[in-house]
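The chain below stands alone and is given as structure tokens, in the form predicted alone.
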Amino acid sequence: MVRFWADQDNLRIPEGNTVKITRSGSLAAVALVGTLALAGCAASSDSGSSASPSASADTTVPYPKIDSSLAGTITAGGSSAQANAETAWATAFKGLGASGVTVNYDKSLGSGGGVTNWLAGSDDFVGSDAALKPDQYTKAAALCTTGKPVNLPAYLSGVALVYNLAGVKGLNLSTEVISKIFTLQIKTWNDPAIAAINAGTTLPATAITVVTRSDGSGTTANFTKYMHDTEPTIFTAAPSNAWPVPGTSGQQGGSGVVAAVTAGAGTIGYADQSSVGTLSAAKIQVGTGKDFVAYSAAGATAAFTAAATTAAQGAGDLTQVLDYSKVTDKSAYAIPLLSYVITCTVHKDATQGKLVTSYLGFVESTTGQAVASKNAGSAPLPDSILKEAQTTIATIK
């Protein structure tokens, strides 16, 4: 059973190529004129197998050659933030030669549910907006038998603060105001603290309804860490994937948050930027000055570069620790969101190992990142991270 469906009708591929997807998620047509152009480069075909294109020599971090004889189903799930990117990756992967491979990605699980399923042995990999916790990593070591669990950064985006306030566009929010809103200390939209950073904007006396995630969520983990890093005396709760402050409107999944904010006047919530849709998203203060910055892919990359350090939990692992207090330059977006693919370096079934190796090798390439950027608005990961990920992927079996 395919649990993976497209959230959009057209998959956009750089250089004007379009992959058409039906709403049921099946590939309807692939627009290929000559050689498929991806990420601004032509993907060349190996002379021994015209159906197995290899990455272009112009690609900075190429994906491994795709074996057209691969066939089977990859079962995965987790992060709703990754959902649009997973749709694009799976469809492009098929179009590049893996026509016999189906990727079933269940976005309804959220990061917490995805990790739980994977640790129970249900999935080949999990998408998560937070790396495995130390106790989860220890449990995963038993799941991976003779191999190792690995957290591989795969998707870089931003946490957007979406709001529904009639007549108010371009809202500025400081780190202090954000933390006070989400700890329920600021309760109306015309509060003097909000008015002070939105000169010239008429703010209504509408009550603020704070919408949060009710499920285990890596997006929650990132957002709570952002507030704890930047305003520790206001947001005193420990960062967590479970919303730690009672009294908010909890919703299942990022789509649930977006739906609740859309439906309710005076609401504010948080979600991956790719899920914003027609909602307004606030500009976020960067540093302690008067710079308020909207999300952009370039801003997410700048923030990741400033905030991230590698804290490997084992061989081949690429767990990153983000210190949001280090994001201070106005070229950066204040709340970057890093999402991982988590898997074992040794799978119980060698065939599944080959499928996972090939698919994740595409995801962790310049081409794969360009596909996600084009279709989900994400920021391509730095080449240094992609190269390290490819080194780890090469060991998967």
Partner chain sequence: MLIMVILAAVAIFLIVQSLPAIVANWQTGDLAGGTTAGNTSFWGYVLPLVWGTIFVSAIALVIGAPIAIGIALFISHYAPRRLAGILGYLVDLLAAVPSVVFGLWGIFVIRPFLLPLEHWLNANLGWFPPFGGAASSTGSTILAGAVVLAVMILPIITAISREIFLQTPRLHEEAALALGATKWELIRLAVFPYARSGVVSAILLGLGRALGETMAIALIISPSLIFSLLVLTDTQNSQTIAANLALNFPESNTLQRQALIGTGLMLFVISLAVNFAARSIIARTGPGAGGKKRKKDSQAKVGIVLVPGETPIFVADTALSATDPGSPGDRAVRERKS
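Under this definition, the rigid core comprises the largest set of C-alpha atoms superposing within 1.5 Å between the forms. Please read all numbers here as calculations on a predicted model, not as lab measurements. Numbering follows the first chain given and starts at 1.
Below, we refer to the form predicted in complex with the partner chain, which is not included among the displayed structures.
Does the 4.5 Å heavy atom contact test between Ala263 and the partner chain in the model of the complex come out positive?
Yes, contact at 4.5 Å.
Is there a non-hydrogen atom of Thr102 within 4.5 angstroms of a non-hydrogen atom of the partner chain in the model of the complex?
Judged by the heavy-atom cut-off of 4.5 Å, Thr102 is well away from the partner chain in the model of the complex.
So, Gln252 and the partner chain: in the model of the complex, are they within 4.5 Å at any heavy atom pair?
Result yes; Gln252 sits at the interface with the partner chain in the model of the complex.
Looking in the model of the complex, any heavy atom of Gly216 within 4.5 Å of the partner chain?
Contact with the partner chain, yes.
Pick from Thr188, Thr116, Ser325, Gln185: which has a non-hydrogen atom within 4.5 Å of the partner chain in the model of the complex?
Looking at Thr188, Thr116, Ser325, Gln185 one by one, just Thr116 meets the 4.5 Å heavy-atom criterion.
Can you pick out, from Gln320, Ser296, Thr201, Ser108, the residue that has a heavy atom within 4.5 Å of the partner chain in the model of the complex?
After the contact test, the surviving option is Ser108.
Using a 4.5 Å heavy atom cut-off, which stretch among 94-102, 168-176, 282-290, 240-248 contacts the partner chain in the model of the complex?
The contacting stretch here is 240-248.
Align both forms on the core first, then report whether Asp215 has a C-alpha shift of 2 Å or more between the shown form and the other one.
Result for Asp215: yes, a 2 Å-plus shift.
Quick one: core overlaid, is Ser249 moving 2 Å or more at the Cα between the shown form and the other one?
Shift of 2 Å or more: yes.
Would you say Ala71 moves its Cα by 2 Å or more between the shown form and the other one, aligning on the core?
No.
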